[in-house]
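Okay, so here's just one chain, in structure tokens, the form predicted alone.
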Amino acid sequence: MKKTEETIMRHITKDITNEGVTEYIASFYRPLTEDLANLRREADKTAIPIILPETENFLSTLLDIIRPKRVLEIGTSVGYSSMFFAQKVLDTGISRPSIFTIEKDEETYDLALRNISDLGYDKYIHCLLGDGEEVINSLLDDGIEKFDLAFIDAAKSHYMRFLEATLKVMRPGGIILVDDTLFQGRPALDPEEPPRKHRTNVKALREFNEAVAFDPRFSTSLLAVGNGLTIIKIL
């Protein structure tokens, strides 16, 4: 493409994502169940981060396409996303989905256990307490069956470590989703030295985004969905 054409294309697509566009996209969101809608409202009231509505919409369509049976999650939070995965897999016609979710914080883990049990998803979801990499290594030692899909949404400064661990338990051709990889736009928009409180996360995300984009083991797309979503297809 000639330079003038590149300039025209950048002009055409400039600023397509902004607050108004995000609100418009979010207006199409519909929760899978009323129980999950109530849990989202509760999380919003208490400022507990869960997957954003526009991210959930995208994931819902993606799961319709790939129809995973076994899902691994790093970062359980209140249990919302693992229950979303379980319900969505059920909705695709798979009767016995198997969701493994890992949470490091014990208090958060206990809350997730209660939510998952109260909403009746405990027969599909296995909650594991501990560091993501360490728990995955223990699953590997136990001869765990490989996973079709993984979702990483935990400590951003450890994303590369979690990714490398996750690869050990993925089936060939599996999909790994990594949330929050644009982190409020800071990896792209912050100066080279961002504010101190964000510096570690921004530096780690810049390194992660660049590493996975050019890794020959993967086909990768970084999307401006929600707070940034990276899709990694294992080649």
Ligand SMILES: C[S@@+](CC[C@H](N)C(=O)[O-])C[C@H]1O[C@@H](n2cnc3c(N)ncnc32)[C@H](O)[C@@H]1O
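This structure is a prediction, so every number in the text was calculated from the model and none was measured. From 1 onward, residues are counted along the sequence shown.
Same protein, other form: the form predicted in complex with the named molecule, not shown, and the subject of what follows.
Proximity to the named molecule in the predicted bound form, taken as a non-hydrogen atom within 4.5 angstroms, holds for one residue of 100, 121, 151, 147, which is 151. In the predicted bound form, no residue of the candidate spot (29, 183 and 228) has a heavy atom lying within 4.5 Å of the named molecule. Heavy atoms of residue 164 never reach within 4.5 Å of the named molecule in the predicted bound form, leaving it off the interface. In the predicted bound form, the named molecule lies farther than 4.5 Å from every heavy atom of residue 169. The shortest heavy atom separation between residue 155 and the named molecule in the predicted bound form is within 4.5 Å. Heavy atoms of residue 72 never reach within 4.5 Å of the named molecule in the predicted bound form, leaving it off the interface. For the named molecule in the predicted bound form, the listed stretch (137-145, 86-94, 72-80, 113-121) containing residues with heavy atoms inside 4.5 Å is 72-80. If you take 86-120 and check each residue for a heavy atom within 4.5 Å of the named molecule in the predicted bound form, you get 102, 103, 104, 105, 108, in sequence order.
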